[in-house]
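Next up: just one chain, as structure tokens, the form predicted alone.
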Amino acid sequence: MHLRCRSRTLPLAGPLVMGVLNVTPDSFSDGGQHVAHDAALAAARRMVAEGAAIIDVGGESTRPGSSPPSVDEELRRVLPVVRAIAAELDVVISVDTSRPEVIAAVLAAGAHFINDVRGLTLPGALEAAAAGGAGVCVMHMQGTPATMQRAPHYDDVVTEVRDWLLGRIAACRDGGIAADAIVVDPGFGFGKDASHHLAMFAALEAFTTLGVPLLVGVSRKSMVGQLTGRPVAERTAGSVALAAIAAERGAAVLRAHDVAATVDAVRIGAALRRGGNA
């Protein structure tokens, strides 16, 4: 299996790590750390050196209760970073965005992949990604970042999220995006409570049978805090443990803040999945 991202193709013989690079002042974990251009580029260099196959640049905080910046502000945050990474580093560049204007602009600037927490549901988003030939990740979210953690409810979270993702895969295919350019993300932390997180993780392999690779993003999220009682700054160990389990259960891409530790963890998880034949 492979993942096609415009002119780049990533082999999926083993799980890949996607490094998180938020260039926002207010993201839940690393807000403000990479706002300065030099800091963002230095972080990208470090993550590539540590083994990240994809760098995921985000210009909109989607933490619970957040409101989106203007399109102009989001572009101001992400475009210089995308251009700098494209000019210097041999890595697939992802942009975590939902807006068609931003999608078109970052693809023109050298990005390869669009990681959309809204699943390419905003008007024009899917069309912009398809027109640019981007690889895409469609994520499930119940509600919006501003409302998603206000008493989320499901009758059967695994079935409902899985069916929604199947619908988005079909929409992407109908919109001109090839099957080998699509990834799905069940959306841990986005419109789910603790019981939903545990149910989805226990049934993680149900999301690996949709015909496209599975991305899991649990790094430093509320699920880790709920299980360990740790604040955001102390969630590395829990995040890495979940990444190893996700890899063992078939996840193809792990989105992480702590790249080096996660690379080691997913290698172990993948070896266990292969039956120890490392």
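Throughout, we count residues from 1 along the sequence that is shown. For clarity, every value in this text was computed on a predicted model and none was experimentally measured.
The next section is about a form of this same protein that is not shown, the form predicted together with a small molecule.
Undergrad: Given that the small molecule is left out here, which of Val117, Ile85, Ile182, Leu107 has a heavy atom within 4.5 Å of it in the predicted complex?
TA: Filtering the options by heavy-atom distance leaves Val117.
Undergrad: Which residue among Ala134, Val102, Met139, Val157 has a heavy atom within 4.5 angstroms of the small molecule in the predicted complex?
TA: The residue in contact is Met139.
Undergrad: Judged by heavy atoms and a 4.5 Å cut-off, are Arg4, Thr208 and Ala251 together in contact with the small molecule in the predicted complex?
TA: No, none of the three is in contact.
Undergrad: The small molecule isn't shown here, but in the predicted complex, which of 238-246, 65-73, 217-225, 39-47 has heavy atoms within 4.5 Å of it?
TA: Flagged stretch: 217-225.
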